[in-house]
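Take a look at this one chain, the form predicted alone, written out in structure tokens.
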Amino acid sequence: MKLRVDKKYMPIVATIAVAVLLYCMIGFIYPKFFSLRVFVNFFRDNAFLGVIAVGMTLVIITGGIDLSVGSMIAFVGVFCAYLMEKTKLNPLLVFVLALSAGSLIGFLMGALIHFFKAPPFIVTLAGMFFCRGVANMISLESIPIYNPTFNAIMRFGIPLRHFIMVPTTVLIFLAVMLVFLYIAHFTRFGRDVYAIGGSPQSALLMGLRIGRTKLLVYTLSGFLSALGGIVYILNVPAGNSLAGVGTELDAIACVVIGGTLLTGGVGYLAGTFVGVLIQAIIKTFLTFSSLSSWWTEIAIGVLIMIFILLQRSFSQLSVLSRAHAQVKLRKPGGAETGGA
């Protein structure tokens, strides 16, 4: 029996195949690469990126972009560290304030994009400068976090074996991924996101809530960026105004490698998850091989180019298939003419 895969799932299938191939190839070179500790570290070291990439996926599916996510990490990190260390506020209250601030910034960017028809690139670029500037105003120096409650949250985890545990940061990332997988594929909001990205004009004619959906998408992106900032400081217990530089590009790379089209309308949160895993595999391989970290950027750049070419090829094949089907229907004896 022949196994056939729907063309629309080919990008994510290709992403999974690349991840498995890379993992196996590197594992054969370095047998310790297959260890449980290394596998857990894939997610521990990149949990903040995964949380941010989820929000970025929703934004890109609508046909937008969010360049503020990296600066949001710096802002939230310094904001939380300052409040916990200088004002001695409870970390849980600080986290609520940080998430509220991130959501508000995301909402304001979404409002500018929707109501003033401003390009998402320009609006979120302004948001990027704003967040980085506020972080620098709070503190130019790194602020270490010594709060006991914060440290207890940071040390929490689910034990596996041989003193290996799944830390809080990974649990947050997995929870976010599962929640938004459900939202994207099993709720009206998720269907609206895909419809708006596919064709805004058609979505408008269908009576979909375009404005409300866009506002919510950018608010969620701001919320998840702030949550990514919290995850970041849970992994590196200090706030730093230089944190997160270039993270927006890493997040976009994860989304594109995961099979989401930059033009909108097509995307997979599961693919984004695998895209984050691919970045983690490459970074860990460079650590094992003692190569320069610049090779990560080179490898990711090559992968992005490959996946863009694959997406373009699949799009052209889909167009040709639809055109061929329409030609067949118009022929005498086809389904269009031979029914009655």
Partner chain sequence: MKASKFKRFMSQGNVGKLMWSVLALALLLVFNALFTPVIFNMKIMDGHLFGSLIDILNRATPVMLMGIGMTLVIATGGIDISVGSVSAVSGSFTTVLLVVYGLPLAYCIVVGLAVATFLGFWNGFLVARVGVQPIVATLIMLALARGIATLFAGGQTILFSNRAYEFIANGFLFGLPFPITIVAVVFVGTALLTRKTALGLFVESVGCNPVASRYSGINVRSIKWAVYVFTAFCAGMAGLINTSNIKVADVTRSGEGLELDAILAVVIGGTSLDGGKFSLAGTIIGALVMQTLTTTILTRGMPVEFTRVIKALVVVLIILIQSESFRKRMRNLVWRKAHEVAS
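Numbering follows the first chain given and starts at 1. The structure presented is a predicted model; accordingly, all values stated were derived computationally and were not measured.
There is another form of this protein, the form predicted together with its partner chain, and it is not shown here; the text below is about that form.
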(request) Find the only residue in Met177, Val166, Leu215, Val134 having a heavy atom within 4.5 Å of its partner chain in the predicted complex. (result) Val134
(request) With its partner chain left out of view, choose which of Ile122, Leu104, Ile158, Leu93 has a non-hydrogen atom within 4.5 angstroms of it in the predicted complex. (result) Ile122
(message) its partner chain is absent from this chain, but in the predicted complex, do Ala126, Leu140 and Leu262 each have a non-hydrogen atom within 4.5 Å of it?
(response) yes
(message) At 4.5 Å between heavy atoms, is Tyr82 in contact with its partner chain in the predicted complex?
(response) no
(request) Tell me, yes or no, whether Ile29 is in contact with its partner chain in the predicted complex, where a contact means a heavy atom of each within 4.5 Å. (result) no
(message) With a cut-off of 4.5 Å between heavy atoms, is Lys88 one of the residues that contacts its partner chain in the predicted complex?
(response) no
(message) Please determine whether Ala280 contacts its partner chain in the predicted complex, using a 4.5 Å cut-off between heavy atoms.
(response) no
(request) Work out which of the listed stretches, 148 to 156, 110 to 118, 224 to 232, 167 to 175, brings a heavy atom within 4.5 angstroms of its partner chain in the predicted complex. (result) 110 to 118
